[in-house]
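One chain is shown next in structure tokens, namely the form predicted alone.
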């Protein structure tokens, strides 16, 4: 058994049983190793941009005796992944802008059979908007606490139907309707930033058009 910390466990819970997994930015390969050891998935590709993390990943899979089930791969995002190899793709530990760029560079992810499991560390609103603008549906969103910080994760599938959403929905996703502590904490943090930005603009640049957008977000949330 390999017990995952809350952040990675949240992503693991979204991986479909029996799927072939690609873990992008794998670092120590704890996520694919845990899923394989639990019997949740048969195999995985553990990819990272740097050799150092892949050496850590190799140490992990060898120590648990699953090296033959994990393909370690040096890859810039999804560039060294073939569409026929994967069912579920996890991209975690990066900002939402970078995740969006990785997906943009791999148009083959627009496949209704592939599930994306994404864990943006920042700019989740950018990622959410990219998904909706490119015909993806966000099927799940969750949040958790780890080491005093709040982390989120979202699962998404391609439907080919682009959808429009309000600025509040883009900023908060489905978290605005959740009442569990981690989700509430996530929303409060995002809204505090909106209020700080709004107050600053009202004082320094009262004619700025962004003020209207920020006010709409707060009014919609209320």
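Positions refer to the first chain, counted from 1. Predicted model only: the values in this text are computed from it and were never measured.
Beyond what is shown, the protein has a form predicted in complex with a small molecule; the following relates to that form.
Engineer: Residue 94: heavy atom within 4.5 Å of the small molecule in the model of the complex?
Structural biologist: Yes - in the model of the complex, heavy atoms of residue 94 and the small molecule come within 4.5 Å of each other.
Engineer: Looking in the model of the complex, any heavy atom of residue 26 within 4.5 Å of the small molecule?
Structural biologist: Yes, residue 26 is a contact residue.
Engineer: Is the gap between residue 102 and the small molecule in the model of the complex 4.5 Å or less for some heavy atom pair?
Structural biologist: Output for residue 102 is yes: heavy atoms within 4.5 Å of the small molecule.
Engineer: Just checking whether residue 164 would be counted as a contact of the small molecule in the model of the complex - the rule being heavy atoms within 4.5 angstroms.
Structural biologist: No.
Engineer: The small molecule is absent from this chain, but in the model of the complex, do 53, 75 and 98 each have a non-hydrogen atom within 4.5 Å of it?
Structural biologist: Contact check passed for all of 53, 75 and 98.
Engineer: Could you spot which one of 59, 43, 49, 191 gets a heavy atom to within 4.5 Å of the small molecule in the model of the complex?
Structural biologist: Contact check passes for 49.
Engineer: Among the candidate stretches 148-156, 134-142, 106-114, 76-84, which one is within 4.5 Å of the small molecule in the model of the complex when only heavy atoms are counted?
Structural biologist: Of the options given, it is 76-84.
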